[in-house]
Structures are given as C-alpha cells and as structure tokens.
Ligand SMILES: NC(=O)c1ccc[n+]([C@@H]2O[C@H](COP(=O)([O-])OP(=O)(O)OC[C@H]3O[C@@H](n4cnc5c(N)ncnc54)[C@H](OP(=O)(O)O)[C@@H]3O)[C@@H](O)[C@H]2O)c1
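Below, in structure tokens: the form predicted on its own, a single chain.
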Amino acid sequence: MIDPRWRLDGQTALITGGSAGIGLAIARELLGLGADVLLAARDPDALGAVESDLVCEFPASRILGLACDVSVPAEREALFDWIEDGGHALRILVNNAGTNASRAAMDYAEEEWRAIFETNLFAAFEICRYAHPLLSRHPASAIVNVGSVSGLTHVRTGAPYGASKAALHQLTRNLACEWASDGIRVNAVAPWYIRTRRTAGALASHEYREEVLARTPMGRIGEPEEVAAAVAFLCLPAAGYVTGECIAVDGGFLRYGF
C-alpha cells in the first residue's frame, strides 16, 4: 500500500508556463502522483497539443488548459475567474512562467527590463494573491515558485533576470511566514542550466557549454524532470513541515569552490 504522504490524489494544481520545458515536466510529475492539473501558457496551439497529449497519458486525471499571458493583469484576473467558475478546488500553485533577455546592464531598453520583472516577479506576486483565498480553504496547501541560481549568485543571464529571481526568493520567504497560519506552505526551487528550449541557444556554443560544465561538479546539464521532482516533493504531504525554503537543483554549482 502506498503511503498517502507521497501522493497527491484528489488535489488540483495550477501550473503557469505549463506547455513546455520545466512547466510541462512539472505537470507530468504531479499527474503521476495523482493530482489534477490546470495549465496556463501563452501559446494556445502549444497548450492545446500538450493538453491532448497529457489526457492520453493520464486518462484518470482532470487536465485543463487556458491560454493566458500572466504578465498582463487582465489575463491574470481572467485566469482566476476561469478557475473559480469551474469550481476547481485549488490546493497547489506552481509559479513557473518566466522570461529573459540576456545582455549587459547598460544595453537594456527600459521596456525590456521592466517586462522581465513583470513576468518573473510581479505576475508571481499577483497570482499568489489571487490564489490565497482558494488555497486557504484547505488545511494544507502549497505554493512553489520556480526561481534560479541567478537569484543567489552572479550568473551571466543579465542583471534584471537575477534581480527578479532574487526578489522572487525573498517573496517566497515572506509569504511562507505570513501565510503559514492560513495552512499554506510556500517554497522555491532554484535551477542551474536545464536542458530546455530556452537554454538551447546558449548551450549550442561548445565553448560556453564547456564553461558551464566546468563549474558544475556533477559534470552535466540538468533535465527538466529533475527540477519537476524537487517541485513535486515540496507539494507532497511528506514535506508538510517544510516552508520558506529554496532548493537549488544545480548539480552542485552553488557549492563549487576553488
């Protein structure tokens, strides 16, 4: 008999940026643990294709998607109208949607760096606030924010990205303390280079890839499923006494010395 602490049966999870990469891997991981999944992503065609695939893979679970750009306030509001109108008993929120434009600090146009903060930080904060009354209806709910090692140390991803992720990590700590009495745990994960469409361009350079691997004790690029496993753990009842934490999924990158 499977210990229910390691299952998510009957729980509904909202995953933003859920149509590809880490978000899709998180969806598969949570579905495999028995959860129902609501997906939000910008591209309606990609989202529809993913929804169809997941329905075939997990026929016993409820899987629904809504095309939504979480950086747009009206679309965030529409997302939660959709959730409430559908009567979905939300228990898990994964803020995975993110964006970046990597360049030197002096080379950003104002609208570029503001757009990074809007998606990576402001949208996550607002989505947490929209989700709070839904999550607090249940005795044990969870939020997991997908941060980055860029928010913990200098990485060549650009200052706005690193600053937005650092703020997301601090938001995680603040909400964990503020909302613990409401039965909501709030944690984060901080990935290093993960094999996704977004990282493919940078890692296509042999020289750059070798630099990355040289700074990674485990000597390889991470997989989306490895981030998803950490996220899933933080959602499980087994992690019921864990809140305010940021787990690095980085192959040892942050612990590398000289």
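Throughout, we count residues from 1 along the sequence that is shown. Only a predicted model underlies this, so the values are computations on that prediction, with no experimental measurement involved.
We do not show the form predicted together with the ligand, though everything after this point is about it.
Identify, from the list Leu135, Ala124, Leu175, Val146, the residue with a heavy atom within 4.5 Å of the ligand in the model of the complex. If I apply the 4.5 Å criterion carefully, the residue I get is Val146.
Look at the stretches 105 to 113, 82 to 90, 68 to 76, 175 to 183 and give the one with heavy atoms within 4.5 Å of the ligand in the model of the complex. Only one stretch passes the 4.5 Å heavy-atom test: 68 to 76.
With the cut-off set at 4.5 Å between non-hydrogen atoms, does Ala20 touch the ligand in the model of the complex? Yes - in the model of the complex, heavy atoms of Ala20 and the ligand come within 4.5 Å of each other.
Any non-hydrogen atom of Glu211 within 4.5 angstroms of the ligand in the model of the complex: Answer no; every heavy atom of Glu211 is more than 4.5 Å from the ligand in the model of the complex.
Would Gly98 show up as a contact with the ligand in the model of the complex if we use heavy atoms at 4.5 Å? Yes, contact at 4.5 Å.
Verify the contact flag for His206: yes if a non-hydrogen atom of it lies within 4.5 Å of a non-hydrogen atom of the ligand in the model of the complex, no if not. No, His206 is distant from the partner.
From first to last in sequence, which residues of 160 to 194 have any non-hydrogen atom within 4.5 angstroms of the ligand in the model of the complex? Going through 160 to 194 in order - heavy atoms within 4.5 Å of the ligand in the model of the complex - the hits are Tyr161, Lys165, Pro191, Trp192, Tyr193, Ile194.
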